[in-house]
Structures are given as structure tokens and as C-alpha cells.
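Shown here is one chain on its own, the form predicted alone, set out as C-alpha cells.
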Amino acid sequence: MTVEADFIPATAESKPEHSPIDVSSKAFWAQTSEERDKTFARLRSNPDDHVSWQRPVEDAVTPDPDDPGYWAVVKHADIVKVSRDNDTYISGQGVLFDLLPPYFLELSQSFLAMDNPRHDHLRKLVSSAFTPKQIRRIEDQITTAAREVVDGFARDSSGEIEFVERCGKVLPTRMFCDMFGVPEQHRELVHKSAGDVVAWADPEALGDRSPQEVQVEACTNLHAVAKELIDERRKNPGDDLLSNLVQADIDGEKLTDFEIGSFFVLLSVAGTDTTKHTSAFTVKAMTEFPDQRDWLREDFDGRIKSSIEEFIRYASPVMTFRRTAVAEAELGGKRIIPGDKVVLFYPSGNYDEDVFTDPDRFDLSRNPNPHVGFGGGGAHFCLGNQLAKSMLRALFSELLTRVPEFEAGEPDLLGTNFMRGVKRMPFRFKPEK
């Protein structure tokens, strides 16, 4: 099925008035997560607002004066329904609020912005590196890396660090770079560029540049690193994911350097930022709910599996993903027509009272916990979910064993409508003896 040919741009024709409960303004996204959650709860409380017609988002990467708006999906059941119906709701037009140029989608989003059959072909090529069996093979590396991360500050006599820089970012960046064989001299650039890819609306990240400039520069930097590594792997293949991609083929066709570079960009973000932010929000939650930290420490090995699911639900680092309708459908009592943008609000789904009892509570024993932190299922379910869980398990094993008496301060949050991110956060602890 080639869905791109069926794409029809949406128009404002026959659409309702934009919802008075607005989730598109800069002011809305500048609020705290708790303040935004109150707005999502209002939308969830009225069945007529479960799927609401919203005005175009103000923090668009490429503003379009003809953009009619989008459908906001806030209920868990509807998020799952859209996620799993990949024939009606496609990703090939991109996953951000606005319609980005095709070249930029190819530059930055790889198979995240692809539909079948190309999506499945490319995903199968790389999925073997992320199976539970393969993750178990590298768990010793992850455990060693987590230990060395905590080694870096556990005996610091000051008893205080900036958590993101000294802990949160270090393990996922190291594991991503190890898997791709990125040399030490490029690792800081990879981390900074990966962060800039999703920071286009954050004033600190923008400075005096436009959102397009920030994203294009970041993607260009990552492609340049990837190209250097690709050239080396073609001459001297190694035992890493990039070598596998260089040598792989799809139905007899090799991946181009550009396709491999785009996948490198995608994984540099998905494989580092989400885990970094989840770990930061988790130590903050353990500060606010110390009974949960104590509960996990009592039987870490027996309780960490359910705990990780709650880490991810509570943090909900990826806040929004868009799909584009290519067939007429009914969703939440609303008529969706081809060309309509449909935006999934994951934090709202993860705090849906119809699914989660007392959703505002950080409850590490929560069971069941059908969160949509890795997506709601379907073709685009997070490929790296097992790797993320393994890293979180290793990191919190070290933290709760070696510096269990800690307190996280107030986080300085990233100002975007895509990633619920922590730029920096004070972290105080009793040093290890």
C-alpha cells in the first residue's frame, strides 16, 4: 500500500470552531507539566472534547498561514486506536504538528516518518540489534557503564551535582555511541546536536536563530559524523550497529549513506534524550514520594520491572506525535477526513483516570500499567524500549545502592511542545564512603 499518493491536504472547510480549551499557544507549553495536566483533564472530562479541533500550534518549525489546525487526541483508548490503525493514520507526512518539507523529514526522522512497505523493510534491518536477546548480550556493558557514571560523582565531598550533565545524559549517550562506534572526540557534539533536534522552540537553544536553523544545523552535524563513520566502516567493518547497516540490504538494495545518516539522527535522539529525561524526572519523583524509593530499595531485583514501567508513565518524556489521516474515519465522535492532522497527547493518555487509578501518584507497584510512553502500539512502537529499560534498571541499581539518600531540586525544563525535557536540575546526596 502506497499511502502517500492518497494524501490530501486538510482545509478549514466543514470543520467546527477551534476549541476554547486551547493547547496550541506558546503560553500553554510554557506552563509546568502539572498546569498542562489540568487542561488535559478538562478535555478528558467532557466526552465531546476527547477529540477536539485545535488552532495551529504557535511554536511550529515551519509556520503555514494556510494551516487549518489539527485534532487533539487526549484519551488513552483513542491514542491506542490511532497508533494501531496504520492504514488510516499514517506517519509519512511527519510526526510534528506542522507539515515539514519532505527533504527535512528524510534528513531527520528516518523510518519514523515512513509508511509501509518501506517502513517495515528498514525497521527489520535494524530491529535485530534491539531484541531482548541482543540487549541481554550487552547488559554487562550497560552495567559497567552505569557503575562508572555513578563512580564519577558518588564520592564527591560536596554532595551536590547538576544531575543532567553529570549523570542523566552520560549513560544513554555512552551506550548510543558505543553501539554506533562513535569515537570519543565526536561524542559531545553528538549529544548537543541530538538535544537541538528537539529543542527548536526553547528560547535558550534558539538564541538569535530560527527553529529551522537550529534543526538543520543539528541534523547536518549528525549527518557529517555519520558520513565519516560510514566511510570508515566501508573500508574496515567492525562489530557495531553502523557496520551492520553499511553491509545490510533490502531486497537486494543497499542502504544509501543518506538513509543510514538519517537513521543515525533518529537514534541519536530516541536513544539518548528520552532515557536522560526519564531518569531526571524519576529522581525528582523519588524525592517527592520517598516511600516509593524505600519500597523499591527493599527488594530492588523483585520490584524494578514494574517500577520502570511507572518511571516511563510518570515522566512521559515524549509529549506529542502526529499522524495524518488518509481515509475517512470516526474518532471520539468526530468525523476525520483525509488530510486531517491527528495529534496524540501521550502525557494525557498516561494520566487518563479511566485507565490509571490515582494517576497523579508515583506508584511503583502499579499493575497493570498500560502506559503509552513507548507509543500506543502499532508499526511505530518504540524500537529501543528494551534498551531504555535496561539502562534505567542499571542506573537506578547504582543510585539506590550507593547514594540512596538524595534529593532532587526543581528542574529547569526544556520549552518545547514535543519533548518534556530537563535542561538542568540540582541533585544533592550523601556521598558514598
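Note that residue numbering begins at 1 and tracks the sequence as displayed. A quick note: this is a predicted structure, and the numbers were derived from the prediction, not measured.
Below, we turn to the form predicted in complex with protoporphyrin IX containing FE, even though it does not appear here.
Mapping the unseen interface onto this chain, Leu222 falls outside it, with no heavy atom inside 4.5 Å of protoporphyrin IX containing FE in the predicted complex. Proximity of Tyr346 to protoporphyrin IX containing FE in the predicted complex falls within the 4.5 Å heavy atom cutoff. Shown alone here, Phe406 lies farther than 4.5 Å from protoporphyrin IX containing FE in the predicted complex, counting heavy atoms only.
Residue contact with protoporphyrin IX containing FE in the predicted complex: Leu105 places no heavy atom within 4.5 Å of it.
Screening 355-363, 321-329, 194-202, 224-232 for residues having heavy atoms within 4.5 Å of protoporphyrin IX containing FE in the predicted complex returns a single hit, 321-329. Listed residues Ser307, Gln93, Thr278, Gln215 were compared with protoporphyrin IX containing FE in the predicted complex; Thr278 is the one with a heavy atom within 4.5 Å. Checking Ala379, Leu400, Leu43, Val61 for any heavy atom within 4.5 Å of protoporphyrin IX containing FE in the predicted complex turns up a single hit: Ala379. Along 264-286, these residues reach a heavy atom to within 4.5 Å of protoporphyrin IX containing FE in the predicted complex: Leu266, Leu267, Ala270, Gly271, Thr274, Thr275, Thr278.
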